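The data below hold one chain only, encoded as structure tokens and taken in the form predicted alone.
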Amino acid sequence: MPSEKSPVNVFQNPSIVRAKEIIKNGISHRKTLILIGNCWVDYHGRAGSKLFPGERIVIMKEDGSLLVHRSTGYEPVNWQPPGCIFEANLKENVLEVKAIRRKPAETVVVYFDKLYLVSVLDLEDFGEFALHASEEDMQKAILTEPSLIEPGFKPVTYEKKVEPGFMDIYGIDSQGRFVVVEIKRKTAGKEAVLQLARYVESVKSMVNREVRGILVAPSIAKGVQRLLETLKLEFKALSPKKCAEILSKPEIKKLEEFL
């Protein structure tokens, strides 16, 4: 039998009676539990549902959340949010695991008639979650906070079609000059510079005003700075992580305000 002091205790093919003892002990010590076996599920609350028998994975987390997973797919087929009270009872050789939520009042009951595995986990997790944005997210962040490009920059539109393709962002700077912004999520190479140059030339052919081109990326490849200077284009360093932080703010404004 695994040591009770181990951060991970695994019990294979426990009897229903033994499984109840293990689960009740885990609940009382606020452990995370993983149960694998044949089960069916009832939900009672604002609505009602029934999940018929099948072999599934049930996760009971130390914060009171519960997830019932099939062997395929990433979303749980039944779940309860954090803050639930767990109970484990035995009725007619069937193990009942309840997740009870008080506000709103709702209960998920998982019934097991066979368990293949019960894991009791005492895990520590203090790592921060860092979300690194996509190019689309970087675009949204700039539209949300235009000063990421420079003070006074005002986006006019985005994904604007011109002869060579679609400009990521099209705007005006503090001096009234048109600005074409090309965004790259990773280190920008010479092709990104040439792409931006084509967009700038296309806009110049349509307007009687100075047009600037700004390449936005976390960094640029070797030799790219010289090419930018030759083509009279600019570079603005901006990391996807910074953009993700901006988009995570609760006071994010709607994109429509900038259009």
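Because the structure is a prediction, the values reported are computed rather than measured. Numbering starts at 1 and runs along the sequence shown.
Below: the form predicted together with another copy of the chain, not depicted.
In summary, the region of this chain contacting another copy of the chain in the predicted bound form, judged by heavy atoms within 4.5 Å and restricted to 175 to 183, 152 to 160, 86 to 94, 114 to 122, corresponds to 114 to 122.
A heavy atom within 4.5 Å of another copy of the chain in the predicted bound form is found for exactly one of 27, 221, 59, 233: 59. Under a 4.5 angstroms non-hydrogen atom cutoff, another copy of the chain in the predicted bound form lacks residue 202 among its neighbouring residues. Contact annotation: residue 209 falls outside 4.5 Å of another copy of the chain in the predicted bound form, judged by heavy atom distances. Proximity of residue 71 to another copy of the chain in the predicted bound form: non-hydrogen atoms within 4.5 Å are present. Among residues of the shown chain, residue 127 is one whose heavy atoms approach another copy of the chain to within 4.5 Å in the predicted bound form. With contact defined as any non-hydrogen atom lying within 4.5 angstroms of another copy of the chain in the predicted bound form, the contacting residues in 27 to 61 are 32, 34, 36, 45, 46, 47, 48, 49, 50, 51, 52, 53, 54, 55, 56, 57, 59, 61, given in sequence order.
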